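A single chain comes next, written as structure tokens; it is the form predicted alone.
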């Protein structure tokens, strides 16, 4: 007993604007770490949850019945575990209620780590249903647009009707993602409940056209087609008002030459896709627009082919 492993799982951009609940993108440079250690006592425990400042997290529970990481691990352990147990130590790198897949990153990192403790009984893609068990608890719905890219990396097509199967999509050459996280919070479960339940055929067809065109544009590295199709005419209009800086940041992104800009998940984070050479300046412009409204923020620039969950020494 006492054997331990540490896994990292990246943050993610849910929906990628055009693909509500069906498309997600992994992010470079930001994510959660989970240390999983075997213990003699049976069951799953959480001994530590640290926030971004390295101090005990003021909001996340160490109760294994109310933590996304332990819920995910419990599902895996029930199928493949032994008589012993596992203790989890969770180090958050993704802010809560940020629109960056915070709960997904914890669930993925924990599941990946424990799979390694078990001698890797499952190929990485087969861990998806277990990580989703934790994410579903947090978000109130079964959707993989944060879990799948966090687990697998890159841009993932993951509609509910295909799960647990997913498709890793080709990404355009020379394009990067810029993500701004304003110091605001949006509760994903609440945001989902507020969405309208019915849409017109005209709205549905328009959004489907943008979604199909965007996927084709990415596969062909057609930047002008990305610019024409990276649009959300259904969900973004319903959620934009909940993020007070969204209009200003999006305007700065468009003026800075972004190929498109939208909310990441339910917000408050905002992402843009841009030619890689413009990414640094675009991040600065988007940050300045946010701060001009008195809202502090962070930013990251990421490739569109960022790696998914992996072990750390």
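All figures in this text were calculated on a predicted structure; none of them were measured in a lab. Positions refer to the first chain, counted from 1.
Keep in mind that the form predicted in complex with a further copy of the same chain is not shown, yet the notes after this line are about it.
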Next on the checklist: Only one of 97, 136, 176, 207 gets a heavy atom within 4.5 Å of a further copy of the same chain in the predicted bound form. Which one?
Outcome noted: 207
Next on the checklist: Please tell me which of 167, 122, 142, 240 lies within 4.5 Å of a further copy of the same chain in the predicted bound form, judged by heavy atoms.
Outcome noted: 167
Checklist entry - Contact between residue 21 and a further copy of the same chain in the predicted bound form at 4.5 Å, heavy atoms? => result yes
Checklist entry - For residue 117, is any heavy atom within 4.5 Å of a further copy of the same chain in the predicted bound form, or not? => result no
Checklist entry - Taking heavy atoms only, is residue 213 within 4.5 angstroms of a further copy of the same chain in the predicted bound form? => result yes
Item to check | Contact test in the predicted bound form: residue 190 vs a further copy of the same chain, heavy atoms, 4.5 Å | outcome: no
Checklist entry - Counting only heavy atoms and a 4.5 Å cutoff, which of 199 to 207, 124 to 132, 76 to 84, 100 to 108 contacts a further copy of the same chain in the predicted bound form? => result 199 to 207
Next on the checklist: Can you list, in sequence order, the residues from 138 to 168 that come within 4.5 Å of a further copy of the same chain in the predicted bound form, counting heavy atoms only?
Outcome noted: 157, 159, 161, 162, 165, 167
